[in-house]
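One chain is shown next in structure tokens, namely the form predicted on its own.
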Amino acid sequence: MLTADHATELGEMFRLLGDPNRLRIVASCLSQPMSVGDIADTLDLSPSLTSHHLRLLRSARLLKGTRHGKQVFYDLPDCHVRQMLTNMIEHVTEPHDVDEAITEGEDP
């Protein structure tokens, strides 16, 4: 059962991922850990805006940071977030037919 506290936390995670830039940041870290600079360059965002988004995503445990020397590399913290995001990306990128939404027995 989903408690009220867990529902609030989950809702906050989805709210954070509702921002296209934050969603793109998390998606960019799917294949490999990335530094702030690499994320900013890849997504054409300023480093300060990228850092701001990363702070929010880290606090929600959607990303984790690991320091290597002077740089911090960001990655997904566990398979749950990775799998959910991968499934949703596959869902929106797969071909779809409007007629598939109509179930048998319904008039078009």
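Numbering starts at 1 and runs along the sequence shown. Everything quoted here is computed from the prediction, not taken from an experiment.
As for the form predicted together with the DNA, it is not shown, yet the points below apply to it.
Not one of L43, L76 and T86 comes within 4.5 Å of the DNA in the model of the complex, counting any heavy atom.
For the chain shown alone, S31 is not a contact residue for the DNA in the model of the complex, no non-hydrogen atom being within 4.5 angstroms. When the DNA is considered in the model of the complex, V36 lines it closely, a heavy atom lying within 4.5 Å. In the model of the complex, the DNA lies within 4.5 Å of some heavy atom of L54. For A60, no non-hydrogen atom is located within 4.5 Å of the DNA in the model of the complex, even though that partner is not displayed.
Although the DNA is not shown here, in the model of the complex the stretch 14-28 places heavy atoms of R15, D19, N21, R22 within 4.5 Å of it, in sequence order.
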